[in-house]
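In the form predicted on its own, a lone chain appears below as structure tokens.
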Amino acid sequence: MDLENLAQQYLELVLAGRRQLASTLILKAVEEGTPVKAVYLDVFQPALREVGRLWEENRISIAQEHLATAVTQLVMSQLYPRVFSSERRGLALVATCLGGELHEVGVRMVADFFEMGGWDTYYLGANTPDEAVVAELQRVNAALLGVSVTISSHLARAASLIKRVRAQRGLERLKILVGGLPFLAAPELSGELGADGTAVDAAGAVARGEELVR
């Protein structure tokens, strides 16, 4: 199926709250050969960006925006048998949103891409306290930390988390990736915050993460 057309159909269904039809549309496309990675990058990502744009322009309600996100998370979970089927490589990623960050779908997609690349991923979700992030990094002996920042006013908070992680004994070799809207506009911010890099999407995050831990 043409992915642009698939994304448009999916967008219309999630905005209408047609959860079952949206799920059926995606699962059928995957069964017919559309790669899961293509669904993430070329269907979910543009559809949700369009949802965000429509909300910012006050053309849809906050309820519709939340519903579109919830439906997407549901469909992603239905794809997990394919996401978690890769051979393990002994590398661990902890992926999280900052405390105060509630937009978690992007970093969840990143975690799923690493999972499809054979990593063991520990996705902590939205609004995660710094101390919980540090504890999880130590518990799983992570090679990489992925941090999502969607609001520019949270950049200082991201810098604080990175500084705290860098100061922990046993995490000296840990690499840190950051991602989100502020870094799309200004990739150099990642270095200013003390991170090791950033990426424009989930596929790029995996490529950069592999490079950093190689």
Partner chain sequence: MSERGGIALHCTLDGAVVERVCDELGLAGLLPGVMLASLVAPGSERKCERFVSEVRERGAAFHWELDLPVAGGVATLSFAGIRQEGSLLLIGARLFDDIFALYEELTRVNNEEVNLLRRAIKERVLMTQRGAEASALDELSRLNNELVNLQRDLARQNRALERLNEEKNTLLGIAAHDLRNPIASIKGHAALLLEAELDPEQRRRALEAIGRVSEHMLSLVNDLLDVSVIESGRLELRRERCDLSALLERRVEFFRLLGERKAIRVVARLAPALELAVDPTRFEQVVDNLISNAVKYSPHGSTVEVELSPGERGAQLVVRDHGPGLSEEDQRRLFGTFQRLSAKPTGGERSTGLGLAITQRVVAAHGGTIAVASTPGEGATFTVLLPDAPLARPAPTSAPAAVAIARGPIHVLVVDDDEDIRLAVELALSLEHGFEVCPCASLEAALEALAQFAPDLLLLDVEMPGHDGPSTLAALRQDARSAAAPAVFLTARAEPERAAGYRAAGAVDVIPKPFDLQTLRDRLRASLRGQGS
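Take the two forms, find the largest set of C-alpha atoms that superpose within 1.5 Å, and that set is the rigid core. Not measured: the values here are computed from a predicted model. Positions refer to the first chain, counted from 1.
One more form of this protein exists, namely the form predicted together with the partner chain; it is left out here, but the text below deals with it.
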If contact means any heavy atom within 4.5 Å, which of 177-185, 58-66, 159-167, 41-49 contacts the partner chain in the predicted bound form?
-> 58-66
With the partner omitted here, the residue among 111, 98, 142, 133 that in the predicted bound form has a heavy atom within 4.5 Å of the partner chain is 111
Classify residue 129 as contacting or not contacting the partner chain in the predicted bound form by the rule of any non-hydrogen atom within 4.5 angstroms, answering yes or no.
-> no
Going by a heavy atom distance of 4.5 Å, is residue 70 a contact of the partner chain in the predicted bound form?
-> yes
When the partner chain is considered in the predicted bound form, the residues of 103-127 having a heavy atom within 4.5 Å of it are 104, 108, 111, 112, 115, 120, 121, 122, 123, 125
State yes or no: after fitting on the rigid core, is the Cα displacement of residue 140 between the shown form and the other one at least 2 Å?
-> no
Residue 74: Cα shift of 2 Å or greater between the shown form and the other one (core-aligned) | no
Displaced residue check between the shown form and the other one: residue 104, CA, 2 Å or over, core reference = no
How does the CA gap of residue 150 and residue 100 change in the predicted bound form versus this form, closer or farther, if it moves 3 angstroms or more?
-> closer
With a C-alpha distance change of 3 Å or more, do residue 99 and residue 138 lie closer or farther in the predicted bound form?
-> farther
